[in-house]
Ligand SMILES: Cc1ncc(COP(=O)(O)O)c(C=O)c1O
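First, one chain by itself: the form predicted on its own, in structure tokens.
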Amino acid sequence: MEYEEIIKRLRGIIESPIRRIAPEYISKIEKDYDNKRKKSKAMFEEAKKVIPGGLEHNLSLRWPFPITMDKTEGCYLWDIDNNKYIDYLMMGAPIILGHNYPVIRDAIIELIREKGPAHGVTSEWEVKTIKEIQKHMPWIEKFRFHQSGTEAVMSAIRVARTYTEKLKIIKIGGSYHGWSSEMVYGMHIPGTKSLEAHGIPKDYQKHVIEAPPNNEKKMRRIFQKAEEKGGGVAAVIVEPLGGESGTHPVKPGWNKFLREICDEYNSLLIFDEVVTGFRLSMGGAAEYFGVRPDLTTFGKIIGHGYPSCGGVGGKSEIMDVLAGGIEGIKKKAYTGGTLAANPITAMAAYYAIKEIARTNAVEVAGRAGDKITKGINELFEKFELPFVAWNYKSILHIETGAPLALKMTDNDFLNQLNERKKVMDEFGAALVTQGVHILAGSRGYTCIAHTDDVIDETLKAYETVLKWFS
């Protein structure tokens, strides 16, 4: 689906009366949860006593209560009550080969058994893995491992400021780049600025500028003002698909424009490929869009979901400001992390990248994404619902309530936001009762284990749930 059509359909949802699951089916969902997920409910009650809010994971479905998972295999999850689900969360994107992929798992088990999990100093897997990354992304001349996508973004911003000797960082409204103090700004919905940034002094964000998405004139004015008054723009950081993994899609040519304006002002362009790396193409979004960033940040994606994984890479002359040690070059962007590049993570990334290439996972999972998106849209039409689904290969978007499509200028913004979020929550929970697990009912990812039969089963679940809308 093209950009203009997506935007038109999203506005159509916002401008139509909110469509929700009928009350009698809401009761049915709650009873299904209570009857079939007793252990999960009890676990949540215990968790609330020791964990703030009772939940560690932002990606968990929260209503009526979070489900405690027990095991994974391929495209399936099982909870502690032994309910089985087709999984489209895929740990928030990194799982493209399927859960518990044997080649990676067996290598890690052997490593732990024979050599131990970590030692705090260099292992051979660092260089081996970086060379695998470079095979597919040769513009990454040097690379530094970190422990998460959040850390990678923090590092990239520090590198940009050190290298350019400029101050301002531009991020696009509605984008997510982790939870560091500077980046918890303008998240989810464009224009929100520090709405969610509690506990962070304003000074931490005074050099971050939120730019509206897809607006070349305003972006150019931001650059001009920063050069004249504010210390210049060190970098623009973007999710190259658009905010929230393409929930706010980029218009054609947007990334190319950003490349050009960054070159014009001697600023760096940072691609946050925490979701898109080795999923959108083997060369990530940079290859997909034909635009080369100066720096690229990665998170869980490169390690196929194994823990403590992230990193930043780019041109040698830029990356050299990350050189470690007390000695070294004059200008230095300091970073650290005892578990960064630990053998488990680096080895997992090595085998994951090789296996993604060997199995042609990007295209296989992409075809699955095309099939399920087409099927869901056909069901929306069948039931005359004003909803929309679109995909970027294996990255899926299914919008029902569409709260992130709201604009802050829309009537009754906050109440609409809450009500539309409820639509998503209820839809996600309804799918769970039919054996389908997806991020907040609105975003998903396919893997090579999502075969035609699995997708057909998924579409049957969608058809059942869509009948429940009033």
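Computed from a prediction, not measured in an experiment: that's the story for all the values here. For every residue, the number given is its place in the sequence shown, counted from 1.
What follows is about the form predicted together with this ligand, which we do not show.
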| item | value |
| --- | --- |
| Answer range among 172-180, 71-79, 379-387, 256-264 for contact with this ligand, defined in the model of the complex as heavy atoms within 4.5 Å | 172-180 |
| 4.5 Å heavy atom contact, residue 239 to this ligand in the model of the complex | yes |
| Contact flag, residue 134 vs this ligand in the model of the complex, heavy atom cut 4.5 Å | no |
| Non-hydrogen atom contact residue 148 with this ligand in the model of the complex at 4.5 angstroms | yes |
| Partner contact for residue 300 in the model of the complex: this ligand, 4.5 angstroms, heavy atom | yes |
| Option touching this ligand, based on a heavy atom within 4.5 Å in the model of the complex, out of 90, 349, 285, 274 | 274 |
